[in-house]
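Take a look at this single chain, the form predicted on its own, given in structure tokens.
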């Protein structure tokens, strides 16, 4: 089955992973900007990183017939450096007209601090000013519930924000309901050790259905599995869920949400033009 991984950090993966993903049915992916494993020290470091996301990775993916899209931001883990964060936010518009940029992300909170909230709100201003989609990172482990509530409250208190243009990622059993109830899209991140497993994700799909629900692998530099979405497909089939529901979650929903960006020029495999971004 063709599928789309809506949140995967391919800058952390070797080229063999692109080949494996293509063989597993991955036809497109989106890669949010994220923390590099260390705090970067200059705006030029981010400029080089955004060049990698908007130029290098699309060409690497295209070699395997995979369409690559991306999101731009400074991650919440680096938001304590407010001065640098503001310099990065001011630089992001240089890249917003690149053909694979879908929006601003992954923005959000990490430790739920005042500085993180300040930079999150300034990212929202940028997204509104340039009419960009928004991809949200929610905190890990013990901070998740409080942080998710803080993020949703900030989003809902801003009348300029349309929930149908916001994807709230890394939802778990205790946060997914409120995300969907408030009108946002929800993303489940499949991790081998944290966030949620394919089995837990299948549980949530059985409970909440497939509307406004996506699944991703993250595929970052930590313990992760870039082929986790096919694992979810296998688990849903094992439970006897319908092929139409499976296809909706792993293919139809990403297309529906990403199509809200004018830069999402997705070409389905059957057209024989997969890999083209323009």
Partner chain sequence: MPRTADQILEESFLDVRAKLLAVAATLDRIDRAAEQTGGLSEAQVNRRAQVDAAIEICVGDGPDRAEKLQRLFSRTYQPEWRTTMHL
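Since we're looking at a predicted model, the values are computed, not measured. Positions refer to the first chain, counted from 1.
The next section is about a form of this same protein that is not shown, the form predicted in complex with its partner chain.
Student: Have a look at 154-162, 98-106, 184-192, 76-84 and name the one stretch with heavy atoms inside 4.5 Å of its partner chain in the predicted complex.
Tutor: Looking at the partner contacts, the answer comes out as 154-162.
Student: Given that the partner is absent here, does residue 113 sit within 4.5 Å of its partner chain in the predicted complex, heavy atoms only?
Tutor: So residue 113 counts as contacting its partner chain.
Student: Consider residue 59 of the chain shown here, and say whether it contacts its partner chain in the predicted complex, taking contact as heavy atoms within 4.5 Å.
Tutor: No, residue 59 sits far enough from its partner chain in the predicted complex that none of its heavy atoms falls within 4.5 Å.
Student: Applying a 4.5 Å heavy atom distance criterion, does residue 131 contact its partner chain in the predicted complex?
Tutor: Heavy-atom contact with its partner chain at 4.5 Å: absent for residue 131.
Student: Is residue 121 a contact residue for its partner chain in the predicted complex, using a 4.5 Å heavy atom cut-off?
Tutor: Contact check for residue 121: yes, within 4.5 Å of its partner chain in the predicted complex.
Student: Looking at its partner chain in the predicted complex, which residues in 159-189 have at least one heavy atom within 4.5 Å of it?
Tutor: Read in sequence order, the residues that approach its partner chain (within 4.5 Å, in the predicted complex) are 172, 173, 174.
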